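One chain is shown next in structure tokens, namely the form predicted alone.
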């Protein structure tokens, strides 16, 4: 399965991954409208954490044994048997945040305005996730395990 791999040694905290994730998942897919007009604004499914000179993009790792899926009370999260991605059924999510507590990577974000979670969906409608496609330093790479990652 292709996953987003992180190379924190080249991340410069530009946060373009957050911006392009937000835009890609917005209604308009327009950067100005997504940030200035759409309310409530969608949360990025990736966020950059900083500590001193170190910065690390945090996003769903689509684990082989996903704790979030096992913890999900409503079955809103499931592992897609074809792609291996952990996918969210928004209709089933009740915003209990149990998955947030169980995710070992801290990669699931509660969206209290929508009462659901926000997590990486690998931009399944695109050949390459928006965060990866717009990372200027290739701090994010979309590849099979062990291939260029």
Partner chain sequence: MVPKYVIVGNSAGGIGAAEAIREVDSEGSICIISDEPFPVYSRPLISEFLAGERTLDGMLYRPRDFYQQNAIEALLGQKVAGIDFPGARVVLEGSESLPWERLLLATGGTPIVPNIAGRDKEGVFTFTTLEDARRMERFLEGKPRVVVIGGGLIGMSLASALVKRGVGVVMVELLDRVLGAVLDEPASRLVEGVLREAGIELITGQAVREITGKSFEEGRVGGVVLQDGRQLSCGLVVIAIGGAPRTELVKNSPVKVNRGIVVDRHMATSYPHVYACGDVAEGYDFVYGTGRLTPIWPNAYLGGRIAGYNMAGKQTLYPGGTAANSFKYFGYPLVSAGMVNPQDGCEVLVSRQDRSYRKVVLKDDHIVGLVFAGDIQQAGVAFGLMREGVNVRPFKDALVRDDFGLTFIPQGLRRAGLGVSPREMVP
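It should be emphasised that the depicted structure is a prediction, and the values quoted were computed from it without experimental measurement. Positions refer to the first chain, counted from 1.
Below, we turn to the form predicted together with the partner chain, even though it does not appear here.
- In the predicted complex, the partner chain lies within 4.5 Å of some heavy atom of residue 103.
- Using a 4.5 angstroms limit between non-hydrogen atoms, residue 70 touches the partner chain in the predicted complex.
- Mapping the unseen interface onto this chain, residue 84 falls outside it, with no heavy atom inside 4.5 Å of the partner chain in the predicted complex.
- Although the partner is absent here, residue 39 sits far enough away that none of its heavy atoms falls within 4.5 Å of the partner chain in the predicted complex.
- In the predicted complex, the residues of 1 to 25 lying within 4.5 Å of the partner chain by at least one heavy atom are, in order, 5, 6, 7, 8, 9, 10.
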